[in-house]
Structures are given as C-alpha cells and as structure tokens.
Ligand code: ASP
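Quick heads-up: it's one chain on its own, the form predicted alone, in structure tokens.
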Amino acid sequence: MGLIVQKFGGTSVGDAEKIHRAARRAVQACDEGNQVVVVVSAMGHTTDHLIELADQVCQHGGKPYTPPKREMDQLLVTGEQVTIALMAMAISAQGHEAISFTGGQIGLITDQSFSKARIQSIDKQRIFKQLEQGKIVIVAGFQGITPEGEYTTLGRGGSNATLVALGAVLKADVCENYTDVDGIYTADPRIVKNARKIDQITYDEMMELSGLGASVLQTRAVEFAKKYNVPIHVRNSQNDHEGTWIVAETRKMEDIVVSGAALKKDLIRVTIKDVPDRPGIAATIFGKIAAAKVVVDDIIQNVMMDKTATISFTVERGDLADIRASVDQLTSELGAHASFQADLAKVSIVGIGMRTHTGVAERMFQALADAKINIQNITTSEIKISCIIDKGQADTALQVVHDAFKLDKAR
C-alpha cells in the first residue's frame, strides 16, 4: 500500500462536475490500494472575488484604505473551507468515506507573517488516524494557523506548499499536482504557442523557473520537495496523460543546456541614490526591507566619485506598498534619495546544462538584440540567466529566447 497526496487547484474544482471528477481520482487511487490525502484550493476564482470584495469595501466613501493583512487572511481562508466540505460530500456520494480538515484542524502551524506565512510544523497524527480507518482525508490548502490561533495564508500558490509539506511529513510516495495543463512547459504556452511539455525536470531547475515567473508551482513547495526528496507529478485533471515529473538530478539531464524559459511581469525597480559608501550600509538597507517581508531581486550597487553609492533592486509590483514605508524611512535616516521605475519585466532561461556548456549567454543576448530589445540589467546564477527589459516587449522577448534555444524540439 502506498500513500499519495493529491492536490487540485481552483480550476480543477471550479464547479460541482469538476469536484466530482476530482473525487473520482481520489476514490480510484484508494481503490487501487493506496492511502489518499487530498489538498484543495478555493473554487475557480473565489480568492480573486474575495479580494475584489475587500477592495470594494475599502473604497467606500471615496477614500482608499488598505485593510489589515490579518483581516484579509480571515477573509481568504473561507474559500478553501467551502471546497473541502464539498469534496468530502462528493467522495461520500461516490461510496467512500471521507473527512475534511482546515489547516488549523490538522495543526498546520505557521509563523505570524500574514499573507506570506511559512509552515513550521504539521500534526500528522490526526491525519494518520483517519487514514488508518480507511478514510480519504481532505485538507484545505493555502492556509494555516499560528501558535496563538490566528488564521494565516501561505501566499499565492500556497496550496502547493501545503501539498508538498504534507507529502514530506507523511512520507508520501508521490505528490500529484493536478492543474488545467498537461505539465510543465518550456515556456508559458499562453504566450509561446510552440512551447513543449517537459517530461522530467530537476528540483533546482523548477525552483529557478518558479521564482522567475512560472506559476505552476510555488518556489517554497519545490524547496520542500527537494529537501525531503518527494517526487512531484504535475498532471492535467481532465485526462490521464503522463505529466511532468519533478525529481532529483540525473547525469543525463546535464546534456540539456536550457530546459525552459520564464517571464515575470510587473516589476518595480527601486533606486536609492546618495547612499554613504561605508561598511554596513547594505546590511542596514536590506535588513529594513527584510523586516517588511519583501523579497528583492537583481541587486546592483555602483560606487560614485563623491564616495556615495547608488543601490538598485527590483521587487514585484504587489510589494510596492509594503516596501515604500521602509524605503522612505531609510532615505530619511541616510540623507539619500529614492526613485521607483515601473513597467519592467524579466525574461530568463534555466538549465543545469549551463554548468558545463559555454556560449549560452551570448546566444540569449544576440536573440534579444536581433529583436531590438534593450537589456537594462543582467543577473546570473550557475543555472540561470535573467535580463530586465521593458514590459512592453516582454512577450516578444520570451518567444525569441525560446526559439533561440530551440526549446520546442524534443531532446
């Protein structure tokens, strides 16, 4: 008997028919002799609708108001609570016992970072008790609870973190991530029409792609999977085709120079000028930003002739409100000046084969040059190259980079 953790995203449980389809998959896996845990997201666009409703309430009287993150989490966790109950009903209607739990009910403990909480522990005993009784256990994704009993959410894509965290703590044989696509593609197929499904990809490559804009899996979910060596199978909930396996690296995988390309839009560049050029300043700046729970990228520092420095970095547009207060405080304390540039994007390529092949950067830069796309910043790691470009050229950039490495061709 194996143990399988399945996760169904919002589009896979968008209505009663889709919920029953997902329920059939869980029942089938159980009938094949497996213990089954199911993680579900809120139905369809429920989370987006709840956010829109909050926006409407906060616009009342013509004075925009930013709601406390605690209250937003109180609101957003309700979406998954609806789905878990409906999924349990659907499984029961198909003749199999099921029980649903919120994140708090299974003791999924997080820190206190509302809207971006991190999982700290899970009480697996309650789940195992129900599995041993032959039940299918349904768990609300995306949410947890603090030690003090406050509801928290795990950020966009947080149901994937729930999936893999449960897979790790329960020592699952596989985590099946059901979506509305057939697997992981060489690029976003909505933008790049000749994008190709990847059969296998490494944890490291998937972590890079997730952080660079690929939305199928949250980066933290892949980190969990790598740490605990939990294989993830990304599949389409509407068919039985083999999807993409996210696994540990094998020697054969190094023959593929570039595995995929990714695009992240809606970036903001924050530039802080007239920063005193002395030891400890960078630590002070990024310590303040870290305290605001904002992830930064593409950091560049230039030292000027007048012994000051200019520090630039990018953040996602959604983090601008969180970071602005920190930046304003820093500029006041340091006698510096800040500016914010919007309408930027980042196009990237990823592949573990870059470690052993040359000429990769030149080919990427030439493809962008031929398409008259100006590169504003470049960042690299051992297995990725990223370029900051104008947002208006983002889709074209992704296509030309994808074509430059012939990613539509099977390897």
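Residue indices: 1-based, along the sequence shown. Model, not experiment: these values are computed from the prediction.
Absent from the display: the form predicted together with the named molecule. The rest refers to it.
Trainee: Is A42 close enough to the named molecule in the predicted bound form to count, meaning some heavy atom within 4.5 Å?
Mentor: Judged by the heavy-atom cut-off of 4.5 Å, A42 is in contact with the named molecule in the predicted bound form.
Trainee: Does G107 make contact with the named molecule in the predicted bound form, using a 4.5 Å heavy atom cut-off?
Mentor: Looking in the predicted bound form, residue contacts with the named molecule do not include G107, since no heavy atom lies within 4.5 Å.
Trainee: Check whether S386 has any heavy atom within 4.5 Å of a heavy atom of the named molecule in the predicted bound form, and answer yes or no.
Mentor: Looking in the predicted bound form, residue contacts with the named molecule do not include S386, since no heavy atom lies within 4.5 Å.
Trainee: Please run the contact check for Q35 against the named molecule in the predicted bound form: heavy atoms, 4.5 angstroms, yes or no?
Mentor: Output for Q35 is no: heavy atoms all beyond 4.5 Å of the named molecule.
Trainee: Pick from 158-166, 129-137, 295-303, 308-316: which stretch has non-hydrogen atoms within 4.5 Å of the named molecule in the predicted bound form?
Mentor: It is the stretch 158-166.
Trainee: Where, within 129-154, is there a heavy atom within 4.5 Å of the named molecule in the predicted bound form? Residue list please.
Mentor: Residue within 4.5 Å: F142 only.
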